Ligand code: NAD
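Only one chain is shown below, in structure tokens, and it's the form predicted alone.
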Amino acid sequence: MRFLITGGAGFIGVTLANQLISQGHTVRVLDNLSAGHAELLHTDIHFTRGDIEDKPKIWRLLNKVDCVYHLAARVSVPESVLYPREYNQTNVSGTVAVMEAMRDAGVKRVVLASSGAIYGGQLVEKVHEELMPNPASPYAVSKLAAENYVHTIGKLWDIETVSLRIFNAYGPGQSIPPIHAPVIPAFVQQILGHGSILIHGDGQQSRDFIYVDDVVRALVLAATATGINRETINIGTGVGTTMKQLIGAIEEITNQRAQIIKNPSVSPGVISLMADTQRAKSLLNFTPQVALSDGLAMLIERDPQFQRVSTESLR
């Protein structure tokens, strides 16, 4: 098959693109490199640097493409609170530009990388796709709007659409910006470097962490699965891990002790967010395969940022 991956030089995009190439597909990637790393892409991948709202450029890249993976997005919840207009521009307007270009190029399937953040706080232990969304940040609002645009435009223009609500993905290659860094690589970096870990609240807030290889398996399945047009599907593990438990797991794997600073005056955000994974299992035949302890060990072993940790220190 022929694929276009928007945001394909980002954390999940690189892993997806390289996996598709290894399976013999043709892959094109569009990324503005604001957070991506094109040098990590396989040499057989056709990379184009460009903006997600450049509809003529997208249209040219869509020639004879069978399926689009729309991953391009701004993804930081705290940053979105500071810059909601920019998040709306990229995550919403950019999505509409992709759909317009697909219509004009005649491409008939898109897989949208959405987010579990859309659910916000809920009264159930595990969130399922029939719940009313309760977005608690501009980022979550923008991803919900993107979902609605994709499915609505897809119906109007006869484009098959699938939205995957990905929970907290982690794994090798995830960037650690100086501010608003993803929690797992940030915690690993601080523990290995004997720095301090700042926890908002009491550390009992829990998240559903899913290894990047599992996320990519779900994305690959969504490109060809039948009977999933207009579907929205959770991609998570169904297992919640508190911040305290996460720190403990990293400590055990690295044989290091964390220096923890608690800041109870700052909100920890949604207290608990775990995915109900039944729809992914029934529609995609997808179940996650990597336990958190194994994923953390592989992250530290495989990520160049952490390779100063010897293999002997890992479980």
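Quantities reported herein were computed from a predicted structural model and do not represent experimental measurements. Each residue number is its position in the shown sequence, starting from 1.
Keep in mind the form predicted in complex with nicotinamide-adenine-dinucleotide is missing from the figure; the text below concerns it.
Look at the stretches 236-244, 67-75, 99-107, 154-162 and give the one with heavy atoms within 4.5 Å of nicotinamide-adenine-dinucleotide in the predicted complex. Only one stretch qualifies here: 67-75.
Hey, in the predicted complex, does residue 288 get a heavy atom within 4.5 angstroms of nicotinamide-adenine-dinucleotide? No.
Against nicotinamide-adenine-dinucleotide in the predicted complex, would residue 16 count as a contact residue? Criterion: heavy atoms within 4.5 Å. No, residue 16 is distant from the partner.
Within a 4.5 Å heavy atom cut-off, is residue 282 in contact with nicotinamide-adenine-dinucleotide in the predicted complex? Close contact is absent here: in the predicted complex, residue 282 is far from nicotinamide-adenine-dinucleotide, nothing within 4.5 Å, heavy atoms only.
Against nicotinamide-adenine-dinucleotide in the predicted complex, would residue 297 count as a contact residue? Criterion: heavy atoms within 4.5 Å. Looking in the predicted complex, residue contacts with nicotinamide-adenine-dinucleotide do not include residue 297, since no heavy atom lies within 4.5 Å.
Taking nicotinamide-adenine-dinucleotide in the predicted complex, would 121, 132 and 145 all count as contacting it (heavy atom within 4.5 Å)? Not one of the three qualifies.
If the cut-off is 4.5 angstroms on heavy atoms, which of these, 26, 278, 272, 32, is the one near nicotinamide-adenine-dinucleotide in the predicted complex? It is 32.
Which of the residues spanning 107-121 lie within 4.5 Å of nicotinamide-adenine-dinucleotide in the predicted complex, based on heavy atoms? 113, 114, 115, in sequence order.
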